[in-house]
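Only one chain is shown below, in structure tokens, and it's the form predicted on its own.
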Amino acid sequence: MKQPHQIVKQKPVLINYQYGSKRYFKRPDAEDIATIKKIEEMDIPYWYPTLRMREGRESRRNDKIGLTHVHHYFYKRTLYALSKLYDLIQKSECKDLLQIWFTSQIINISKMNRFRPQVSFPYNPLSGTLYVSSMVSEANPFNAYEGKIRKFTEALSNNKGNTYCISTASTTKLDVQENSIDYIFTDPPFGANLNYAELSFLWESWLKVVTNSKYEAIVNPTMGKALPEYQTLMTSCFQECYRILKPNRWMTVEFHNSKNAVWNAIQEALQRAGFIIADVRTLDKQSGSFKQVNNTSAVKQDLVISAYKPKNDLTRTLHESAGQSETAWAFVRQHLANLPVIVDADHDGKIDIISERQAYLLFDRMVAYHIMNGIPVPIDATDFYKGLDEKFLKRDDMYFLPDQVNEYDTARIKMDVEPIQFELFVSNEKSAIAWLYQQLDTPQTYAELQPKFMQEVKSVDRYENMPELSVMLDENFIQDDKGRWYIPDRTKEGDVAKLREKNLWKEFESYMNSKGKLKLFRSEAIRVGFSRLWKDKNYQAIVDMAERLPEQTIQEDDKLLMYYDISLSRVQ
């Protein structure tokens, strides 16, 4: 099927060749040009794919230079070698294994291979894209596949005696028995970071089987998939993981995306599936170290998320005692039992503060777990914090079960160091208050706090009506007779919290009584308002208010997103 086709002109400028054990470069001469012309005019007697590149921003990015079909991505003699090799593979008894070997070099020997001899010559395509450079290097397929044979042989010899199963399927529907898996590690698609179906099209076309992108969990406008569609698909995937995982067993999710909204979509998908998030750490791929983050909106690095499937007795207690405070404490007991007691991630002799053991995160996890399971939250923040002090043991602002605290105390004595503080990223009122709690471990005056506070609030969300420092101190802390602010004790903290919530509810009511889109507001007032409306089962009011807020505000706040999504499903 020969048809006229326009393609960007390429001119050979340098030839790399090997003689004996040495490599040489030369400029093309008349004989070389004649040889290239002869190759371009020859017919290929074997099958090769001629499919039009699939729809998509990535797969159609090279249309402008004439690379519109699969075979355009290969030089003529490379295509000849590939088609002959593919023909031989189809007649082989080891067809399946050889096809893996065959497709492993498709990208390296295509026109996407860049000429960069100082980097990693001869193979250097740009990963994660179908980019074609202006300086293309024609790779030798024989050398490429010969090198892969050595690697395949080594890999197969190292796996003798091991039992494993490799399958290709959609995680939305796994052919695996319920409650049968001990551990899951998954590295899922990260929103719009990579368009997998588009990127795989070149080598899939050789196999004559291409990805069904209907169930591909990505953000891709070409496929009509925005963040909600991505979250729905990820929830389906995590629900299947939850189904097949044994109770009280773990799943690790490695995640990277620079957008907070995508991280929140992943976090909510995990919780909607039934998982409980126990730890979030950043992974430094260069040094191989892990660092805990307590503000999980900071997702500019790779995150390693640890989540577990709760025991059956917690689920049973949750539904048998719905509305009673015992469900809150049953959750806390199991959550503390599953959290690590001692962590020295950097091996520097300093104990990490485990944020999941702190009061505010224990409360957040408890609330989220109840809401995701569709049952009332049985206790407010004030009573919850009092109950933590009464029912559990506290060390360094972290809570432990009785059988855990001895291990922690022993480690503290042995290491003879204070626990390290981890950084807070102040981006809104909630994180600012958390920062103040951290600072006021030692009482300080307004004059001492104010310069440090100004350094921290440089990247506040643009919709956040951040209160003055003096307002946040008045609403959350107590001042002594020397003018120093300090954290209230538990006996007074309840009164402070109730007064603050009352003021924030008044603020929220003023938003409800106004009209149109909200352009400036206190996010803490929105949280208090949504929480009270949820208790009153006024789901329609939550939906109405959410739709008056900027989409960014809802998508980038995991608590607001949780209230909105579930309220929307109940209204509908």
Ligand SMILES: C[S@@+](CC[C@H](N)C(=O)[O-])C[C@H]1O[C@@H](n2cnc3c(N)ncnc32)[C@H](O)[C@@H]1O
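Sequential numbering from 1, following the sequence displayed. Since we're looking at a predicted model, the values are computed, not measured.
Omitted from view is the form predicted in complex with this ligand, to which the following refers.
J.: Give me the residue from 463, 446, 215, 121 that has a heavy atom within 4.5 Å of this ligand in the predicted bound form.
T.: Looking at the other structure, the residue within range turns out to be 215.
J.: Which residue, 222, 171, 373, 179, has a heavy atom that falls within 4.5 Å of this ligand in the predicted bound form?
T.: Contact residue from the list: 171.
J.: Just to confirm the contact call: exactly one of 271-279, 157-165, 185-193, 132-140 touches this ligand in the predicted bound form at a 4.5 Å heavy atom cutoff, so which is it?
T.: Only one stretch qualifies here: 185-193.
J.: Looking at the partner-bound form in the predicted bound form, is residue 144 within 4.5 Å of this ligand by any heavy atom?
T.: Output for residue 144 is no: heavy atoms all beyond 4.5 Å of this ligand.
J.: Can you tell me if residue 434 lies within 4.5 angstroms of this ligand in the predicted bound form, counting non-hydrogen atoms only?
T.: It does not: once this ligand is placed as it appears in the predicted bound form, residue 434 has no heavy atom within 4.5 Å of it.
J.: Does this ligand get within 4.5 angstroms of any non-hydrogen atom of residue 237 in the predicted bound form?
T.: Residue 237: contacts this ligand in the predicted bound form.
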